[in-house]
Each structure stands twice: as C-alpha cells, then as structure tokens.
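We begin with a single chain expressed as structure tokens, specifically the form predicted alone.
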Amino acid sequence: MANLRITLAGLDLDNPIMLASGILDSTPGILQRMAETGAGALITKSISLKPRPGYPGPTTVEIAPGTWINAMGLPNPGLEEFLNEFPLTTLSVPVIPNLVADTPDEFAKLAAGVAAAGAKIAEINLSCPHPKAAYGGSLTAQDPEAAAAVVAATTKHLPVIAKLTPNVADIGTVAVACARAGAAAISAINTLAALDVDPELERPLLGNGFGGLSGVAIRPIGLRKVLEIVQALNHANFDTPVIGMGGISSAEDVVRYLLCGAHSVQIGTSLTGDPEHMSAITRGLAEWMDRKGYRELADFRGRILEWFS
C-alpha cells in the first residue's frame, strides 16, 4: 500500500499535497475546512507587517475554463491582527505562514513574529507578479543576490521556503542562491505576469491593470521551471527539496511534478469551486502509486530527469 508521508524541513506531513497561499486561506474558518480535506499542510495568505487594503476590483476573473487572472494586492490585516486571528498551532495539520515585505529587515521581523507565535517554518513571498501598474522595478526573486539576502535574514529566526517567480530568465540561478543562503525548501512557480483586456469597455479586465495568470494553462510552464530548479540544485550539489505548483487539478498533475523532481506540491486555483477536491487528488495519488507498484514517493521522484541528462 502506498505511503504518502514525507518530511519537509523537519515537519512530518501525512502527504505531499499542500494548500497554496492566496486562494482558500483568507479566514480561520476556511483554513479549518481545508485541514479537514486531508491536506498535508496549509499555506496562509501573505502576511505583511502593516495592514494592506488590496487593489480595487475586479481582482479575479476566469478568462478561460480553469484559467484565471488576478491582482488582489495582497490584502491582509497585518502581522499583529493576523496572529490574534489565525491559528498556527491548533489545527490537525501544519500551518505555514506566507510572509511578504519590501526589505530583508522587514522579512526578518515577520519571521521573528510568526516564530514566536509557534510557526515551525514560513514561506517567503519573493515574487508577487502584479505590483501596482506604475511599478517599473524588478521583483526580489528576479535578482539572485536580493533573494539570497532575504533568505539569510529570515533563516535566523526559523526555516523558510523561498517562493520563486517564473518571470525570470534563469530560475535555477535564483534557486541555487536561495539554497546557498540557507533556504529549507524552494517553491515554484508563482503566477505568470499577465494582462487581459475587455474589448467592450476598452479597459483592462482587472482593477490593477496587470495581474498574475494561474490555473490549468500554466502547468507545462510550472513543470519546466521545477525541472530547471531541480537540475540547477543537483548540479550545485544541494539536496534542497522543491515544492512544485502551477495548474495542478488532478492526481496525475501531482505525479507530473513529482516525476520532474518535486518533493511535494501546492494546489490553489483548481480548489476555488470545490475545496473537497483536495481529498480526491490525495486518494488518486495513492491509487496511482498502488497501480504502478510504488511503495514510497521516492521510488519515482525525479524519473523524468534522465531524459534531460
């Protein structure tokens, strides 16, 4: 019988399938509901030091079946209110806070705050793909040195997962920089920088103008980026685990990421209309492993890599 259990940066998880940040994590009640679906771990919405109101609507639009464009603006109540409101230690599965800030020092303060509240690991959002439309700079995850500086600052307080953007020429170089700085894991990919337009209203679909693309259409991109990260880490002699995400809607999609070398996965967009679908995906993974004769996830993890050697 298939064994889905994994250990991630010291956390023992019942299975490798995690809730991604930003979809079904906006209230404590939703997190509780997701804990009951059999998720291996839950990533919270992004938390900043100070409250963020978010962008004006529309903030999410389904532009094709299963494919969405969004620009939420990372709305959240700020660290203090978040810690008063959200459970980090009382649910039946591990809760991993997602942190967002503008400087390494701010990231460090967030890391210290959630660590003091009981968090065992945090995910650092280095790659929000839709800052305000007038923004002309680069994202932290587009600069290996900047990404490494954030990792180094936050790992002083607790282990961190570095969440990377696909909107970069060489994602492997950024991943290696984060691993060298002490990242406990790498997660990828965040949404793709995107824009869509309403031809009747003659304006952008989203209130912010620019947004991030997620859903089934981006899965092949996510797979390639995860493969590139795994290859780069292997070449640099790092065994840092990779958490794959992007377009996962079935057990077969989970298998695809694990075959590319991912240690675990995160699922977001496909759960929007049916949170209980998480349970079906987990069962499907076990059934696939049983049918294939695999006992452990490590038995097939990374098997695609031999095709690119």
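Just so it is clear, the structure is predicted and the values come from calculations on it, not from any experiment. The first residue of the sequence shown is number 1, and the count goes up from there.
One more form of this protein, predicted together with another copy of the chain, exists but is not displayed; see below.
Asker: Taking another copy of the chain as it sits in the model of the complex, is A112 near enough to touch it, meaning that at least one heavy atom pair lies within 4.5 angstroms?
Answerer: Heavy-atom contact with another copy of the chain at 4.5 Å: absent for A112.
Asker: With the partner left out here, check for me: in the model of the complex, does some heavy atom of P220 sit within 4.5 Å of another copy of the chain?
Answerer: Yes, P220 is a contact residue.
Asker: Are any of the heavy atoms in Q142 no more than 4.5 Å from a heavy atom of another copy of the chain in the model of the complex?
Answerer: Although another copy of the chain is absent here, Q142 would touch it in the model of the complex, with heavy atoms inside 4.5 Å.
Asker: Hey, in the model of the complex, does N98 get a heavy atom within 4.5 angstroms of another copy of the chain?
Answerer: Although another copy of the chain is absent here, N98 would stay clear of it in the model of the complex, with no heavy atoms inside 4.5 Å.
Asker: Would you mind picking out the stretch of 145-153, 207-215, 101-109, 180-188 that comes within 4.5 angstroms of another copy of the chain in the model of the complex, counting non-hydrogen atoms?
Answerer: Careful reading of the contacts points to 207-215.
Asker: Residues M1, I121 and A286 are flagged as a possible site; in the model of the complex, is every one of them within 4.5 Å of another copy of the chain by some non-hydrogen atom?
Answerer: No.
Asker: Would you kindly say which of L233, V93, L79, L192 lies with a heavy atom within 4.5 Å of another copy of the chain in the model of the complex?
Answerer: Here the answer is residue option L192.
Asker: Under a 4.5 angstroms heavy atom criterion, identify the one residue in C260, V265, A39, I43 near another copy of the chain in the model of the complex.
Answerer: Exactly one residue meets the criterion: C260.
Asker: Listed by sequence position, which residues of 280-295 have a non-hydrogen atom within 4.5 angstroms of another copy of the chain in the model of the complex?
Answerer: Those in contact are W288, R291, K292, Y294.
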